[in-house]
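Only one chain is given next, in structure tokens, and it is the form predicted on its own.
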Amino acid sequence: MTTFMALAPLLAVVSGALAALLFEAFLKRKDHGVSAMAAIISLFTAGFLIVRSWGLELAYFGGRLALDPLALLLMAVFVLIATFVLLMSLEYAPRRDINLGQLCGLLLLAVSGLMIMVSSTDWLVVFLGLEVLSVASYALTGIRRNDWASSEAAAKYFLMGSFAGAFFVFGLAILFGATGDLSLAASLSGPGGPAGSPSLASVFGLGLIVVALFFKIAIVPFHMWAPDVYQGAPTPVTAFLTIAPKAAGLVVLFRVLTPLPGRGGTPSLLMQAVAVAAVLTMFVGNLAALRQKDVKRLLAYSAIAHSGYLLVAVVAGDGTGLVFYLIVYMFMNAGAFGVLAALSGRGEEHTWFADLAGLGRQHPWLAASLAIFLLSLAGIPPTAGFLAKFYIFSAAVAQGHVLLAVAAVLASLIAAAYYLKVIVAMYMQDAELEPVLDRENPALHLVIFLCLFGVVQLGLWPGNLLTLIRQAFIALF
């Protein structure tokens, strides 16, 4: 149904972004809490509108923006992770001399770009959403303007993001020249329509677009920017960057690479290239993480490896496993970065292994939470991370990608080593200096608790969420 209401969730988020920035600019008495409250209200409003839109199949702009169940499900994920990041930042931002009002506005603008990406059926609109996301992400990464590491990370992110944008535009030009259409459904069609086989030019154009998306979601060999950016950005921003752009990019890839009724299939050569990229990403990310002494950088390489696991779901055509893994990954990764944010002091962050030594005795609640998040990232039962990997690897085997599944299992075994190193440091090493927590931070502790609940609950009772995801894909197909 074509209606202006299809824009309602997006407009709610954009309105919140503008309100936060305007409050920050024009309030005589700088009260950053007003901007944060406006941002949180807009996110709750967007969440309410997303729930109200479920099952209505709303669309606008001639169907180029469509709120199908998959798009609504991902929008809800983006609203939730943005809420987590805002709550994490309420006390973190003042301690690190970060302007909270600016962070709120930029974060909501990034969420609006994500919403455009996952709800679009046209490559040009996907590119529009991608650029809105990218510009906001560059600013978020460098929001600590007096910190050289943050500024360097933002510069690297901007340069590599611009390079990826050039790939995307060049791919769009070739794809339009080959097919005369920029809709996602026509990407693998011949010039005669859906029944035609894809031409070499259209496959090449689509390949360039895939490369651009690989840059955004840190797929090897296009991952070189990610560790420095993830480490240099403020910790709540890193939690956002390691989850949200990854989710949007992978869902777009799944939409275009998975054959739909009435559309040509993906050329085997392109899917083989995606499978090879998945294997390289899993092993490069995990092997590089083994050498890290900084937990934040370790989690950055871990995020690269998890992009490889998620790419396995795309190759296997397992949409249910992909979305379930993304939601589980949101809880366990946001929770892990939340614990690191809780350990940050005024003007400094305690993220080295030596800083976590003895944490199990000094702050048992934080240590136990981080241990559970890391075990879930490693895929240890009965956490949700185990089920997420099990579903994806099983789907790969069922679709005949046995070697890919074996490679994923071996990569997971490597990953367990460096996750356990952090746990060993927390419980089996003595601390030289105890990290001093500045103050009580109920909002951040609430985020950690909710993430902990999500990891445990989805590990033991995933049925309701899986049913919801399957309903979304039934409607899609």
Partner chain sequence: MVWVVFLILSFLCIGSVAAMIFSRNQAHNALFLVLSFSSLGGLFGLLDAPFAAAVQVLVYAGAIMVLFLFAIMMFNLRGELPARVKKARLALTVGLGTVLLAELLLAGRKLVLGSPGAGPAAGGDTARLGHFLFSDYLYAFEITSLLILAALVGALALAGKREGS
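Residue numbers count along the first chain shown, from 1. Model, not experiment: these values are computed from the prediction.
Only in words, not in the display: the form predicted together with the partner chain, which the text now covers.
Colleague: Using a 4.5 Å heavy atom cut-off, which stretch among 217-225, 311-319, 95-103, 334-342 contacts the partner chain in the predicted bound form?
Modeller: Contact-bearing stretch, as computed: 95-103.
Colleague: Could you spot which one of Ile116, Ile209, Ile243, Ala300 gets a heavy atom to within 4.5 Å of the partner chain in the predicted bound form?
Modeller: After the contact test, the surviving option is Ile116.
Colleague: Just to be sure I understand the contacts: of Ala371, Met160, Ala139, Ile174, which is the one whose heavy atoms reach within 4.5 angstroms of the partner chain in the predicted bound form?
Modeller: It is Ala139.
Colleague: Would Ser112 show up as a contact with the partner chain in the predicted bound form if we use heavy atoms at 4.5 Å?
Modeller: Ser112: contacts the partner chain in the predicted bound form.
Colleague: Are any of the heavy atoms in Val125 no more than 4.5 Å from a heavy atom of the partner chain in the predicted bound form?
Modeller: Residue-level check for Val125: yes, a contact with the partner chain.
Colleague: At the 4.5 Å heavy atom threshold, is His445 in contact with the partner chain in the predicted bound form?
Modeller: Judged by the heavy-atom cut-off of 4.5 Å, His445 is well away from the partner chain in the predicted bound form.
Colleague: Even though the partner isn't displayed, in the predicted bound form is Leu21 close enough to the partner chain, meaning a heavy atom within 4.5 Å?
Modeller: Flag for Leu21 set to yes.
Colleague: Check, residue by residue, if Val132, Val135 and Ile143 all come within 4.5 Å of the partner chain in the predicted bound form, counting heavy atoms only.
Modeller: Yes: Val132, Val135 and Ile143 each sit within 4.5 Å of the partner chain in the predicted bound form.
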